[in-house]
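First, one chain by itself: the form predicted alone, in structure tokens.
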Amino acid sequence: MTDLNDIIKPSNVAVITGGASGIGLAAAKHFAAAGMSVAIADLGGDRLAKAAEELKAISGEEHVMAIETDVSDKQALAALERAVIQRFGRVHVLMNNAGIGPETSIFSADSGWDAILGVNLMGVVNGTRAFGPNMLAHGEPGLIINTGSKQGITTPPGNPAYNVSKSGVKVFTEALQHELRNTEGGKISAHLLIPGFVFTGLTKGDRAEKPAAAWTSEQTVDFMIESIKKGDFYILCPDNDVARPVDERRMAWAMGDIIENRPPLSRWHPDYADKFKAFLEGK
């Protein structure tokens, strides 16, 4: 079990991509409030500067850095790692959190597919590969937290590129944790954050106020920290609308498509609507 007191503490360092807003900024504030030095990476200079000022108000200018970074660019992530090491010496928490969600369909334009896969999936893969070796090498306890999605597990119709990207994050993070726990002397653990409905820039659309069903980013981060304290790898977040048992049955049904040789995405297939409803209700 991970002892977070050895990781989230003064003198240690956290790096968060997608750190200028939403869950990323809430996590950065949590780490800063604990006395950690924090580096946030994102796109949008004004937005990034505003987030950096909020963090400096918590922990002081000497403990904050903000670097505009396109996580779909492998070289940009390598440059981010070098800059953080030069400034702070080492990294103890890496949160690969940057994500986008433009609408796609199977035959929609390449640009949407390339953008989503580049940020959501390869940003996680290349971020881990850029920071991971030095995190292992310094020999101190640490965390790599990758932000996935329930859509990467139940894969609902509507945005296939997003689902593919988040399914890839799940598979990659599982493989990462397996490798880390089998690395002799390694003290880094990996965790998959699976948010529920969170009111962020990615989900709010035209809404100015948080819907009652949604959690805040701060609630999500609090749940994440408590889950890691318990040693959870899969950080499956509820929200104000969907409780964990519902998520569990939806995920079990999705796996059942393979086991029972049902049509793919049978949850949305008219021939299985009643069967799924009964399954969800435990009948």
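Bear in mind the structure is a predicted one, so any value in this text is a computation, not a measurement. One rule holds for the numbers: they count along the sequence shown, beginning at 1.
In what follows, reference is made to the form predicted together with a small molecule, a form of this protein that is not presented.
Checked against the small molecule in the predicted complex, the residues T200, T173, T104, T155 give one hit for a heavy atom within 4.5 Å, which is T200. Scanning K56, H30, R47, R249 against the small molecule in the predicted complex with a 4.5 Å heavy atom cut-off leaves one residue, R47.
Exactly one of the stretches 180-188, 86-94, 141-149, 106-114 approaches the small molecule in the predicted complex with heavy atoms within 4.5 Å, and it is 141-149. Taking non-hydrogen atoms only, S266 never approaches the small molecule to within 4.5 angstroms in the predicted complex. For the chain shown alone, L136 is not a contact residue for the small molecule in the predicted complex, no non-hydrogen atom being within 4.5 angstroms. Among heavy atoms of V15, none comes within 4.5 Å of the small molecule in the predicted complex.
The small molecule is not drawn, but in the predicted complex it has no heavy atom within 4.5 Å of F131.
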